[in-house]
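What follows is a single chain, given as structure tokens, in the form predicted on its own.
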């Protein structure tokens, strides 16, 4: 039977508190998950490339964790204005410490905040990143976050959602199942991640008012990156790009 989840996407206050204080070991857990994909640094460089932020653009990141993808974006394109949110105070504190070592024209801002209700102005950002967080949330919360991303994105901008993917091939799926501990009893991410894979990230982005432009995959294809723009439903004629 699926776990009963709180509005935050976690099954209990204990999980919420653990996540909020997870700064010191958060990177170790994420690094473990990224190891079969070439390691955390390689993945973050790929994510930054998928984001494709340009000099002078304004970037907002929802659910930034400890800021590894954001740092990769700034390493690739230092001349952007970046603001990032996460519900975890421990993660934000660690992200701010990492940001102190960056040399950028405009220092990034890392704030504790709700990705589904940022309070930022509508249509104010060239790039809106939703990175590796939706798989932790129940479907209604995922849609709220994606709608917030669509609201924040300029008509000429892009929303980049990076998420767990249903790996192609039985061997790849078996490795994903084992390595990411989907088999572990009580693992709340197994419930929500598998629901996201069944529902389809592309379909949920479409429901949130986004039109798909590009697809990217890690190797193996355990993680996907979907690039979209505001503006309604997915159509067959849209350009779709694959990382081979």
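Keep in mind it's a predicted model, so treat the numbers as computed, not measured. Positions refer to the first chain, counted from 1.
Below, we turn to the form predicted in complex with a small molecule, even though it does not appear here.
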Legend entry - Close approach of residue 131 to the small molecule in the model of the complex, 4.5 Å, heavy atom: yes
Inset, instruction - Although the small molecule is absent from this view, report whether residue 165 comes within 4.5 Å of it in the model of the complex, heavy atoms only. - result: no
Legend entry - Distance check, residue 143 to the small molecule in the model of the complex, heavy atom within 4.5 Å: no
Inset, instruction - Verify the contact flag for residue 87: yes if a non-hydrogen atom of it lies within 4.5 Å of a non-hydrogen atom of the small molecule in the model of the complex, no if not. - result: yes
Legend entry - Segment that reaches the small molecule in the model of the complex - one of 49 to 57, 174 to 182, 62 to 70, 198 to 206, heavy atoms within 4.5 Å: 62 to 70
